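Read the single chain below, which is given as structure tokens and is the form predicted alone.
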Amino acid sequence: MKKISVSVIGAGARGMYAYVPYLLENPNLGEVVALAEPNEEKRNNFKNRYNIGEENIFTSWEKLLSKDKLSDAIIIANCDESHYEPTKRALEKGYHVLLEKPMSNKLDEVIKLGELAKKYNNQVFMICHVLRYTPFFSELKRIVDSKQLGELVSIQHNENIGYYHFAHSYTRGNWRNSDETSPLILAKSCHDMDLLLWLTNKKCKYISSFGSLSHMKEESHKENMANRCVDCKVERSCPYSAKKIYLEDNKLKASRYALHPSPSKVNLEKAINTGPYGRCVYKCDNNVVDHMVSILEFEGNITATFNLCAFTTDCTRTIKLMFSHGEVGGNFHKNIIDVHKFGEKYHTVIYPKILESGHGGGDFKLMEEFVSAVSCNKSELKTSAITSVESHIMAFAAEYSRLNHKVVDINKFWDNEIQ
């Protein structure tokens, strides 16, 4: 397999720690040769970690993509609202592209990217729907496709965000306000729309959603609370305390890099005292929902419910698949799948293989396919951009349904956007 060269746009958590480390562990397969990142400290950390020459370090994606083609492929992992233009420019320059999800926070741009994927069909263009690559969800897909429990009839799928993760990413953090980035169903759960499409192997026909911002808002702020956790009289009893989440608990260890590129105790304390991650969760400029339920109908009379909620202790996905001749339950974090065929006395319990990388091993398995596809001109991909457009359409339709209290016909919704 030919060794490939890779450029990276965005040295945040995903660009820095999710995908590119695969190349550090497999230097015979590829190397990073260029970076675009506006933050100086992130730039320097990335440059030193991946040993990139100063001549190929840029402060913006515009500067990187103004140069002659610097590498075989490019990973685009900047902010949701800034995905379209660099992806379009990279494809036009001949790069193979790995694009972080969501493809864009604008529906028309998602559709345009799908058209670009068709236009540049001799180039690899993949979306980071990493859950398709995990042993856990791959095993569920195998069970569905095997027909060992008959025909799939219905799915109950839950995205248990975790109260502390929601406070970090969707109340204080980058994805807190849909006017600036993306609605929650898109930012967090285009993964889950993609999973439902993949597991059913059917097109979604209708979707109806309900949800709101019920608790993480100013009305929940009490008199004895402060605007910042460090000044608050009830901080020690508050589960959303920034001091607890970032200085005491280990649950969000990786997310500390969002507070500071070098998250030492001193830097974290300063960030909590002065930055957005130290704000009271009831005094933020957030507007995304903290709970949402969607009901979906797929071709073949398959139904599904999807429950997205901030108010859970566990931060994981749980799922139940119901078939004509059996049922399957699964917990992603616990890595356990329980299979019961009707009429049989015993259950079969499956523990999928554990892989050492983020998202249950999905991050590195995604990179494995991307590198292989670029090196060997592989065309059959699990998460091609063309495939991913449909799940994004579903997410936008779900948000439209929630806001307008309407059942959405997916085909009509798609056709209206194209027109």
Ligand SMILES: NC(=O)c1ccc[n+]([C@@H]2O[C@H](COP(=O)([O-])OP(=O)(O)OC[C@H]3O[C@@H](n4cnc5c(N)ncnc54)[C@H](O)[C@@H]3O)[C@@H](O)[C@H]2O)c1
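Quick note: we count residues from 1 along the sequence shown, nothing fancier. If you're wondering where the values come from, they're calculated on a predicted model, not measured in any experiment.
The protein also exists as the form predicted in complex with the ligand; that form is not presented, and the subsequent description refers to it.
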Would you point out which of 78-86, 295-303, 216-224, 195-203 contains residues with a non-hydrogen atom within 4.5 Å of the ligand in the predicted bound form? 78-86
Quick one: does Lys42 come within 4.5 Å of the ligand in the predicted bound form, counting heavy atoms only? yes
According to a 4.5 angstroms non-hydrogen atom cut-off, is Trp61 in contact with the ligand in the predicted bound form? yes
Ile161: heavy atom within 4.5 Å of the ligand in the predicted bound form? no
Quick one: does Cys128 come within 4.5 Å of the ligand in the predicted bound form, counting heavy atoms only? yes
With the ligand left out of view, which of Thr316, Ser138, Asn174, Gln123 would have a heavy atom within 4.5 Å of it in the predicted bound form? Asn174
What residues, if any, in 6-33 have a non-hydrogen atom within 4.5 angstroms of the ligand in the predicted bound form? Ile9, Gly10, Ala11, Gly12, Ala13, Arg14, Gly15, Tyr19
